[in-house]
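The chain that follows stands alone, in the form predicted on its own, written as structure tokens.
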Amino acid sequence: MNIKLEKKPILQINSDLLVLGVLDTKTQKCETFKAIDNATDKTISKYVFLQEQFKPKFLSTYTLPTLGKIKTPKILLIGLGEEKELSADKVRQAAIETAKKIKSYKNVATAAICFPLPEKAEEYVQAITEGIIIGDYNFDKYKSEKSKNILKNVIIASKSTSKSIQESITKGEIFAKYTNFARNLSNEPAQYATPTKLAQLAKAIPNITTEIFDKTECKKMGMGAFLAVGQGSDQPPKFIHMSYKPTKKAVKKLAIIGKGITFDSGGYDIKPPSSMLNMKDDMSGAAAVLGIMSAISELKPDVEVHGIIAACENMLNGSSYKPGDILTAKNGKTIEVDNTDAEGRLTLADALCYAEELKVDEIIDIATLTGACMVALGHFASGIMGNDEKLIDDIQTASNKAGEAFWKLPIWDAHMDSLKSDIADMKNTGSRYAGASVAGAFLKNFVSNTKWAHLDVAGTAFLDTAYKGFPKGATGIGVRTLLEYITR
């Protein structure tokens, strides 16, 4: 899809569809709106508005033909809500809804978008760009009949075509492209998205140095927790380390870790069938990290970034790890296996130890970790916790700009109490209460001196029902938030 800015009057733009964003008060005072309304014999103001065919409620839509009175054959009105509540995220959602609406038309190859934008419109233009690309997404790889996305060109009407606004389109394209990349990977069946495949994808990223460690090498490094999880699968585990270093001195060194369980049966504490159905998505954190590193290879920020994935399957056979087993993590701490279905934190434990040895300034992990986080926050928000309040606050600020909600959860010393073991340093699970925070407390044992944040995206990585413009399926959660944090 080609997205570009256009400064000339909207009526001079050739397109198959004109998308007009409508605010509660501001739109009718806008000169562009008046020009469109006058050119169409005031069809919008007299018929649509006065007869209440359309109200500018947020995300409401109305399509009307122009009957040859202007170059564009039809107009799509989309409600933006109240002017005082307009934000970049609402603009992004409106753009997503616009792209979805365009799919219902049969002959729209070029759409011109006219939203009421502020003078400094960079953030809003980026949001429109992201929304159109995200809303145009389909995962129909395995369907005989493919979706026909006819939309090829998007023209954003803008008062300015300055370099900074042009750059905001490029940034939005990259953010959205790799959000969709992560969605594709999480939507793929486990037979495709194996640990080996994740390693191959990592190796293929340009401008990134990638090391892949196999089972033997991981054993030499002392990754007893990670290897235990994968030992029941015929798929060999892969520990993936991607690194990007800027050409100039890095302003910060950062490690991002993605949970990479490419299928989770639960092991001997096997999941019920209904809970196992979507466990192909248990590598959504890894998909996000692969997307982020791919985007970084294009964005080239002045930040040194290490992307880390401990990839394996949690399956069960005669070699599987068992409840009661004692595992030794990379930092020498011992873990009593209380539940084989609490496997993600075991793989993250060794990955956190590895990341800390890189002497980075900050570590961020993203994982579909706990059902408890889903119970607490549903699919409306992801959990965030860690050992540094400023890091957590900064990520939340970035998430607000990206339109991805994160809610702060605590890690208290008391959360470690339920992880106490009679025969090891800790168990891998505790009581059923405060499960998300208890998992965070477990992970904290494997970060000694580095600033660290843990993102639990169990409820937001894969949707059972549509939400905020995203259909059922993978969302690519975390890609835009962490790219916003890294590049800001």
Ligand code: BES
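Since this is a predicted model, take the numbers as computed values, not measurements. We number the residues from 1 along the sequence you see.
Keep in mind the form predicted in complex with the named molecule is missing from the figure; the text below concerns it.
The candidate stretches are 77-85, 342-350, 119-127, 132-140, and the one lying within 4.5 Å of the named molecule in the model of the complex by heavy atoms is 342-350. Within 4.5 Å of any heavy atom of the named molecule in the model of the complex lies no heavy atom of S382. Taking non-hydrogen atoms only, G371 approaches the named molecule to within 4.5 angstroms in the model of the complex. Put simply, V108 is far from the named molecule in the model of the complex: not one heavy atom of it is within 4.5 Å. By the criterion of a heavy atom within 4.5 Å, K271 is counted among the residues contacting the named molecule in the model of the complex. Across the proposed site, D264, T429 and A458 without exception bring a heavy atom within 4.5 Å of the named molecule in the model of the complex. Proximity to the named molecule in the model of the complex, taken as a non-hydrogen atom within 4.5 angstroms, holds for one residue of E404, E313, D282, D365, which is D282.
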